[in-house]
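Just the one chain here, the form predicted on its own, laid out as structure tokens.
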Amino acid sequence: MDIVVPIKMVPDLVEELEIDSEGRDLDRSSLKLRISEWDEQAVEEALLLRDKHGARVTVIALDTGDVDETLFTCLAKGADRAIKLLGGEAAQGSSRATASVLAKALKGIPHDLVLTGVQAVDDRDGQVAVFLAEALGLPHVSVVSGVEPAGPNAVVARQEYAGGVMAEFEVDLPCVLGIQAAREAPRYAPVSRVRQAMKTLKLEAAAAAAPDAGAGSTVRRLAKPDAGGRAEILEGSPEEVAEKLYAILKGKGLVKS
């Protein structure tokens, strides 16, 4: 089985985010990027399938941020192949454009199963997997929390619903699945192993095709959220804190005497 995992570099939310001078995007001059946490789950699910059932895992990404280190990290974890798409800047910020670029690249890469993160912190729709499946003409299931082979030409995808309800779908191969969570926590690749991968392994590079024009949303304005009211710390013994809290709630009319 050939498994392809498209990954995306997204802003690291631990860092302070600034808006650019036009007010329509983040200031990317000093923006720190990291792999999307859902794509990290997709990579892990692919590696679990590889470890248990045998498969060839290819990771592919647009050339953004520190993508080289991220791709080498995937190789250090056990991926067989890593491909960097050069010149795909025009596809950034649009799920449909990103999907069209990935779809054109995938036509030259063997793929029985395509696993993507179900969403990302910086997109506005979480629809990359849907658009990618449409562009490739493949079946799609999203919000997946586990994948298992079902014979030579199908897989069973476990989809999560509200309240912890799980459904199972048998999906013909090839297909695209949007991964919500892998069956196990993403494995850790030690820095020493990543450095070894950088010395002994190579990233493949390919030119990104121009994205297709298509419908999508446009950001007209970004703004930081207004600061809320300050927090008040209640100090003292449990009895004193309880009395102070009661007085505050009573003053707001939230409790009756």
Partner chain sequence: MSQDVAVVIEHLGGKIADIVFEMLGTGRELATSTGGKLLAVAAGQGLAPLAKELGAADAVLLCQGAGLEPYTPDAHQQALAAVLTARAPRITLVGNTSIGMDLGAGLAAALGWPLVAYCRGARLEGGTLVATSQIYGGKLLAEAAVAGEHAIVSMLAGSSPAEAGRAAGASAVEEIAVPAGGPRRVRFRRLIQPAAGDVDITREGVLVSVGRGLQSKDNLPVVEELARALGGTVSASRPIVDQGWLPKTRQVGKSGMTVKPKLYVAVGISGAPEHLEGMRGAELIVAVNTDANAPIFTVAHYGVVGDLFDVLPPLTEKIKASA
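What you see is a predicted model; the values in this text were computed from it and never measured. For the two forms, the rigid core is made up of the largest set of C-alpha atoms that agree within 1.5 Å on superposition. Positions refer to the first chain, counted from 1.
Absent from the display: the form predicted together with the partner chain. The rest refers to it.
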I need to confirm a contact call. Of H140, K84, K104, R81, which residue comes within 4.5 Å of the partner chain in the predicted complex, counting heavy atoms only?
H140
Taking 4.5 angstroms as the cut-off for heavy atoms, does A181 touch the partner chain in the predicted complex?
yes
Using 4.5 Å between non-hydrogen atoms, is I109 touching the partner chain in the predicted complex?
no
Considering non-hydrogen atoms and a 4.5 Å limit, does the partner chain approach T58 in the predicted complex?
no
Is P225 a contact residue for the partner chain in the predicted complex, using a 4.5 Å heavy atom cut-off?
yes
Taking the partner chain as it sits in the predicted complex, which residues of 26-49 have a non-hydrogen atom within 4.5 Å of it? Please list them.
L26, R28, E37, W38, Q41
Displaced residue check between this form and the one not shown: R24, CA, 2 Å or over, core reference
no
Superposing on the rigid core, I want to see if L13 changes position between this form and the one not shown - specifically a Cα shift of 2 Å or more.
no
